[in-house]
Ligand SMILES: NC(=O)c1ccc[n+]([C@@H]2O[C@H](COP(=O)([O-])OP(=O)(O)OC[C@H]3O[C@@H](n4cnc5c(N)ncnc54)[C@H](O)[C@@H]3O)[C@@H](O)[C@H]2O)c1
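Given next, in structure tokens, is a single chain: the form predicted on its own.
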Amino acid sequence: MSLESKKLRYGIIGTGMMGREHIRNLLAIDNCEVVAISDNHAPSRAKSAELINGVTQFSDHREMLSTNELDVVIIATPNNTHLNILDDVLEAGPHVLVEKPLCTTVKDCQLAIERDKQTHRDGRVVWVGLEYRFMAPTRRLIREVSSGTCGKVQMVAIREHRFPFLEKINNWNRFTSNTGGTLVEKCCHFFDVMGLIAQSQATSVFASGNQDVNHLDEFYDGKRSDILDNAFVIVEYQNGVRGMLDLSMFAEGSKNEQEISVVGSKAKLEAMITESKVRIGLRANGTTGVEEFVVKQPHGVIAGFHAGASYLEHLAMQRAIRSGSKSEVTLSDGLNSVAIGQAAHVSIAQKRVVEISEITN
């Protein structure tokens, strides 16, 4: 049977919130099925099993990999487990999507890239779950930039003003040692989008941030939560573009959880993510000529937690698998997004500009 017509068999490693998000999306897509799930947390497995009649359950992903003929594996486990699990999946050989961030450090991302090369399979798709690039207003903004609407891009500003981190199993996301830090865990999405818009590689980072409001009185095994809840991050790129991230995780009273602004020689472009609106303001037309319109995902897209982005991500990955083409979101993309976040944390700790080369070499 050719890949074009084959029903793709999926295994899910990690059945918490994001694992179940992937399951719900896959259940809505034709010609694929979730046949196995693995998680060492029994309650999470049980919740996922309720979604899929007759799914085979495992408490150890290695057993799942050895006993099932899986075409695709999704890794949706805590960040600090990604490298070891990805190593096992790459050795087994199926296509794989590993959730963001790829790993908690650049060093581990580099190890993942090397391991992919060592276990190379012709036609294997290895994909990183940076789905924010698939949100409707973000995709339209990137398309406008690529078509030249903005002229020469000079500035990219991304604002995320939102609610605090959600509760996870055993509160693993309350500690930098597990997540890589807020600017890796959460903001790798935005550094990925920023790089797509800048169309260049980051060279240096300067950041200021702190844990000022959230989780200050939360202790686990005698240790207090240490994750940042707000920051400003400035990123400089090889081609002269400057990027800025404005993050607040105690800003529930926001109309748009995320906003993106791109300013170039010809225009200012904006994307209001929650409202799913895009604005195009040409310099030649002034303030009265700003065009604003609603951007929607294609008909039939399952919204889920990410406004349809995860659904489209799966469709794009399946197209790559069936056509034998390369991943749209590579391990190198995952590394680049982690590198900026890691550099930002170093910058905050040491109160200085950090060169990306310090992190990647």
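The first residue of the sequence shown is number 1, and the count goes up from there. As the structure is a prediction and not an experimental result, all values here were calculated from the model.
What follows is about the form predicted in complex with the named molecule, which we do not show.
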**Prompt:** Which single stretch, out of 266 to 274, 282 to 290, 142 to 150, 165 to 173, brings residue heavy atoms within 4.5 Å of the named molecule in the model of the complex?
**Reply:** 165 to 173
**Request:** Mark T105 yes when one of its heavy atoms lies within 4.5 Å of a heavy atom of the named molecule in the model of the complex, and no otherwise.
**Result:** no
**Asked** According to a 4.5 angstroms non-hydrogen atom cut-off, is P137 in contact with the named molecule in the model of the complex?
**Response** no
**Asked** G209: heavy atom within 4.5 Å of the named molecule in the model of the complex?
**Response** no
**Asked** Does the 4.5 Å heavy atom contact test between M18 and the named molecule in the model of the complex come out positive?
**Response** yes
**Prompt:** Is it the case that H41, N79 and P101 all touch the named molecule in the model of the complex, with a non-hydrogen atom of each within 4.5 angstroms?
**Reply:** yes
**Request:** Any residue of 122 to 139 with a heavy atom within 4.5 Å of the named molecule in the model of the complex counts; write them all down in order.
**Result:** G129, E131, Y132
